[in-house]
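In the block that follows, a single chain appears as structure tokens, in the form predicted on its own.
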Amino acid sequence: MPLTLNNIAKQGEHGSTMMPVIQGVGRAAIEIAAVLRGAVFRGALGGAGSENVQGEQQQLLDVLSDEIFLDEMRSTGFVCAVGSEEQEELLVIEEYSHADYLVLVDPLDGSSNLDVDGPVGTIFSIVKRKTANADRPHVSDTLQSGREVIAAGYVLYGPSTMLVCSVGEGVDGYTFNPSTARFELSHGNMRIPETGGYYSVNESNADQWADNMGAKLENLKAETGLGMRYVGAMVADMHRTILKGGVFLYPADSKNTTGKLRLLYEAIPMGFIMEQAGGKSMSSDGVAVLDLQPEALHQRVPVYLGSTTKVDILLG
């Protein structure tokens, strides 16, 4: 029989405790995928008429996905609070405020792709609270470095729905099988190739990049011959990078002087997955993404994720 998400319980020190939460992520993913498939018929595409905490225009599906994810995290009974890219403050799950774990999530990464039927995704990580279980969960519980993350992963909504996750024992990919209505192991022990692959970045801002990154990218291209592939949804670009090799980068620039991607919701979970897949995850000044100490829920950082060889050449 195919292995399902139950397989997570057998993995490492934290697998058995993480399995119910990741199963909750899987249920949320199935619901979100169904909403995405029918969005055009329900008038659910387009803007929600509101902005998130970063001042970005929210899509209707951003809001719906955020609600679905919160509901499914509540249903696990193991999650005391959720930090979401779409919410300004930490969302405490009152009936389980004594529970051990917090989940940090970008519920619908790449939502600007929705109106052109492009791929989107969900990114998540799980940490154990620092405050006492008898206390109300606090934002300080979320401000943990990537070295303290217990599990992380992403969901890719493409031709199929795929959940890629790690509990610190390597990376596995589970694809949703409609005929059995469950996620089944399809990509075991995912490892990023050291050779080949592509570079993924929005080069339209190259003349504004900090740290001489434009010249460094040109050097990488000249030395490796990498071609470019860029979807504009971090989940899709990172998934290809892990499977095919290469490097994904989002440098700081003159407009986003501290970077664009969120440390807690994008950089840390993807950095965790990249390192578990044998790759490298770096930020500015030669600091690994997972070594950064978060200071705020919506902190932004530059990111460079990919095979060790390619990241080292790029950052040279």
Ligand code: P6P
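Numbering starts at 1 and runs along the sequence shown. In this text the structure is predicted, and so the values were computed from the model without any measurement.
This next part talks about the form predicted together with the named molecule, which is not shown.
Per the 4.5 Å heavy atom criterion, the named molecule in the model of the complex is contacted by stretch 244 to 252, the sole one of 65 to 73, 274 to 282, 244 to 252, 24 to 32. The named molecule in the model of the complex is not approached by L61, whose heavy atoms all lie more than 4.5 angstroms from it. Within this chain, S160 is remote from the site of the named molecule in the model of the complex, having no heavy atom within 4.5 Å. In the model of the complex, no heavy atom of A39 sits within 4.5 Å of the named molecule.
Not displayed here, the named molecule is kept clear of V82 by more than 4.5 Å at the level of heavy atoms in the model of the complex. Here is the short version: of V103, M234, A152, V171, the single residue with a heavy atom within 4.5 Å of the named molecule in the model of the complex is M234. For the residues N202, Q208, N219, S145, the 4.5 Å heavy atom test against the named molecule in the model of the complex is passed only by N202. Residues of 96 to 119 that come within 4.5 Å of the named molecule in the model of the complex, judged by any heavy atom, are D109, G110 in sequence order.
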